[in-house]
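Read the single chain below, which is given as structure tokens and is the form predicted on its own.
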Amino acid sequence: MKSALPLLLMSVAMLGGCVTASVDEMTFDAPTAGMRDGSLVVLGRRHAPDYDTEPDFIDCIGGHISRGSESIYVIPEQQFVDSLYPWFEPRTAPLSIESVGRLMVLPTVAGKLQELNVSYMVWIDGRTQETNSSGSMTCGVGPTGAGCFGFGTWGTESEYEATIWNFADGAEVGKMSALTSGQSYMPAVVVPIPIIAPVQDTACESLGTQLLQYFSAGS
């Protein structure tokens, strides 16, 4: 059994590194001078009844853009939501750029948006979820100690769409999406060893790179 363990783990490790990704982009009006004259905010859609776009994914997208260009300032999501409370809470957040225009008639909202110097708003809608699972594992305690034996596997899929709003023009200027999937494994010979496919991280890198290229145009 000991001689088979390294081979088993090596084989599974190679399988665990496999993540597939597809990206799509439809933009209508790319910035012509980069983001030097304004800031952008990335927000997660959380109005769906059956899921919320994960805050850590939103942070990942914002961080990817910030690290990719020193000229782009990304307002942290929570800071923005707190500054505009309660207008961007999940139940009251605008679902269209036209709704933002109606909010702008409120002096407090207009003043705060001007103070934050918001040029673009990016809404991220989607989630990461488990798609399938199989296998079994048995754990127990014997005379020589505790241990587990078995093998489990599960699939994970991330699907996210970014919608870009241009505040200066009061228009929706593009949509981008990323779909990634992968298979994770849990072999156990005495000790369970999870081999996790980086599905959500790959989605963040794919979608974040698309957005970075868009907002870096002309800079």
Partner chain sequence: MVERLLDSMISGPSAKRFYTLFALALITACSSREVIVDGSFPTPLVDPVPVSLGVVFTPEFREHQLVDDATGRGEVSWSVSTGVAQVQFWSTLLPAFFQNVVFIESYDDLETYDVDAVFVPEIADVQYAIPLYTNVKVYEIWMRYRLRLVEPEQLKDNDKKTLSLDNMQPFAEWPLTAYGKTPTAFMQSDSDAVNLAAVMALRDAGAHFITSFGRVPGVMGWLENPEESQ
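Residue numbers count along the first chain shown, from 1. Everything numeric in this text was worked out from a predicted model, so none of it was measured.
Same protein, other form: the form predicted together with its partner chain, not shown, and the subject of what follows.
Checklist entry - If you check 133, 71, 108, 138 against its partner chain in the predicted bound form, which one has a heavy atom within 4.5 Å? => result Of 133, 71, 108, 138, the residue with a heavy atom within 4.5 Å of its partner chain in the predicted bound form is 108.
Checklist entry - Might residue 175 be said to contact its partner chain in the predicted bound form, defining contact as any heavy atom within 4.5 Å? => result Residue 175: no contact with its partner chain in the predicted bound form.
Item to check | residue 64 within 4.5 Å of its partner chain in the predicted bound form, heavy atoms | outcome: Contact check for residue 64: no, nothing within 4.5 Å of its partner chain in the predicted bound form.
Next on the checklist: Can you tell me if residue 89 lies within 4.5 angstroms of its partner chain in the predicted bound form, counting non-hydrogen atoms only?
Outcome noted: So residue 89 counts as contacting its partner chain.
Next on the checklist: Under a 4.5 Å heavy atom criterion, is residue 51 part of the interface with its partner chain in the predicted bound form?
Outcome noted: Contact with its partner chain, yes.
Checklist entry - For the stretch 53-88, which residues lie within 4.5 Å of its partner chain in the predicted bound form by non-hydrogen atom distance? => result If the 4.5 Å heavy-atom criterion is applied to its partner chain in the predicted bound form, 53-88 yields 78, 81, 82, 83, 84, 85, 86, 87.
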